[in-house]
Each structure stands twice: as C-alpha cells, then as structure tokens.
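The chain that follows stands alone, in the form predicted alone, written as structure tokens.
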C-alpha cells in the first residue's frame, strides 16, 4: 500500500462528506455522494479489497446515484430556498 495515496484519498473522502452535508441543493448533494462512493471505491481497490470496491462502484456510485437523481426529478419543490 502507498500511504501517501491513502492520505490523499481520505482527504477527498472527508471533503466530499462535509460538502454533502453542508450543500443546500439536493441534486448537488447526490452528485457529491456519488463522488464520495467513487473515492471509497478507489480506496478499497488500493487496499486490495477488489470485490468490495466493485460492489461500492456498482451500487454506491452507480445505481444509488441514478435512483436518487430519479427520485429528485419526480419530486416538486414547495419553496425557492
């Protein structure tokens, strides 16, 4: 394992987590969470857990993001915050 790469990936993961919590737009939050899942996939791959990384990429970054975007597209906003 390359510890410098681990540190960089962990920093990106924390940035994505904080950004997803603080952003006010739902679509932006979903896209940031997709990036979070992608960085987690890279971290799992770098740690040698390829099966977990594949599951994270397909479910977390792939299907989960698409389903969240579809759910947001079907909802209507009540206010213009």
Partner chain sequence: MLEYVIAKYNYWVYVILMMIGLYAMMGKRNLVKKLIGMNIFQTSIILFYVSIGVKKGGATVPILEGHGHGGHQAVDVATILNPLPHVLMLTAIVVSIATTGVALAALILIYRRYGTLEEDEIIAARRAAAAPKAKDQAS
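What you are looking at is a predicted structure, and each value in this text was computed from that prediction instead of being measured. Numbering follows the first chain given and starts at 1.
In what follows, reference is made to the form predicted together with the partner chain, a form of this protein that is not presented.
For the chain shown alone, residue 49 is a contact residue for the partner chain in the predicted complex, at least one non-hydrogen atom being within 4.5 angstroms. Of the heavy atoms in residue 26, some are within 4.5 Å of the partner chain in the predicted complex. Counting a residue when any of its non-hydrogen atoms is within 4.5 Å of the partner chain in the predicted complex, the hits in 1 to 23 run 1, 3, 6, 7, 10, 13, 14, 17, 18, 20, 21, 22, 23.
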